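In structure tokens, one chain follows: the form predicted alone.
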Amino acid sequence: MDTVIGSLRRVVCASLLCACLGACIGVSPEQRLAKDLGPDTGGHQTGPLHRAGFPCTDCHGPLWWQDHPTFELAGTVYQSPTDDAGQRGAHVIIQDANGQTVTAVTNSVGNFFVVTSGGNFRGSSEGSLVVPAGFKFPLRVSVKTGSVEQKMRSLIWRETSCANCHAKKLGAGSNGRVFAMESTP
């Protein structure tokens, strides 16, 4: 009888252990966010050109599980609110609460992203800007193309992904796309 009860206990304990492990091993909230974003509509593979217009820090934020850099601030800039192609070469000027001012330049699909390295400032034509230290919020941001500069009317208090407030469609949940409309001659 003791061997039957002992065997039953082992089976019950093993079943409970499997159930607990199954609950722990699964899809993280960050993985679910990335999956819910859907496919990259631009058709680009993972890299600086992928997912233009998507909320970058959903996948490249501090909670993400993969080995990617954590973005301090990231987004996509468009020529105008109705364009589907991003604006290459737009200057995203960021000033933090400490007075640090940096400029990121958008890549061929309009993406830019700022990462912290602890080293020197470095920028690239692929949209990245490496800064020695993170930003102190709130942030003031403007976008400049040529001689035209669009200043964001409000401060950024904590959001690190432009698309979380600036989705494609203007409405109650979105201020519309970030854009740098050129003046007409």
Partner chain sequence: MTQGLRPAGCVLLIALGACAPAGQSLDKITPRDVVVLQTHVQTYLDFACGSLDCHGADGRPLRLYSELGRRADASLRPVPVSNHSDPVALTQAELDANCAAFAALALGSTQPDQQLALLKPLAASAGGINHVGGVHWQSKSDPGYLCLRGWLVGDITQDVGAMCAAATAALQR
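Positions refer to the first chain, counted from 1. Treat the numbers as computed from the prediction; the structure is a model and nothing was measured.
Omitted here: the form predicted together with the partner chain. The next part is about that form.
Subject >> Segment assignment from 53-61, 124-132, 156-164, 31-39: heavy atom within 4.5 Å of the partner chain in the model of the complex >> reply: Answer to the contact question: 156-164.
Original post:
Even though the partner chain is not shown here, does L49 get within 4.5 Å of it in the model of the complex, heavy atoms only?
Top reply: Taking the distances in the model of the complex, the answer for L49 is no, it never comes within 4.5 Å of the partner chain.
**OP:** Considering only heavy atoms, tell me if R140 and the partner chain come within 4.5 Å of each other in the model of the complex.
**Re:** R140 belongs to the contact set for the partner chain.
Subject >> Close approach of T116 to the partner chain in the model of the complex, 4.5 Å, heavy atom >> reply: Contact check for T116: no, nothing within 4.5 Å of the partner chain in the model of the complex.
Subject >> Any non-hydrogen atom of T70 within 4.5 angstroms of the partner chain in the model of the complex >> reply: No, T70 sits far enough from the partner chain in the model of the complex that none of its heavy atoms falls within 4.5 Å.
Original post:
Counting only heavy atoms and a 4.5 Å cut-off, does the partner chain in the model of the complex sit next to every one of Q87, V92 and V109?
Top reply: Verified in the model of the complex; spot residues all out of contact, no.
Original post:
What residues in 144-175 sit within 4.5 Å of the partner chain in the model of the complex, counting heavy atoms only?
Top reply: Sequence-ordered list: E149, Q150, K151, M152, R153, S154, L155, I156, W157, R158, E159, C165, L170, G171, A172, G173, S174, N175.
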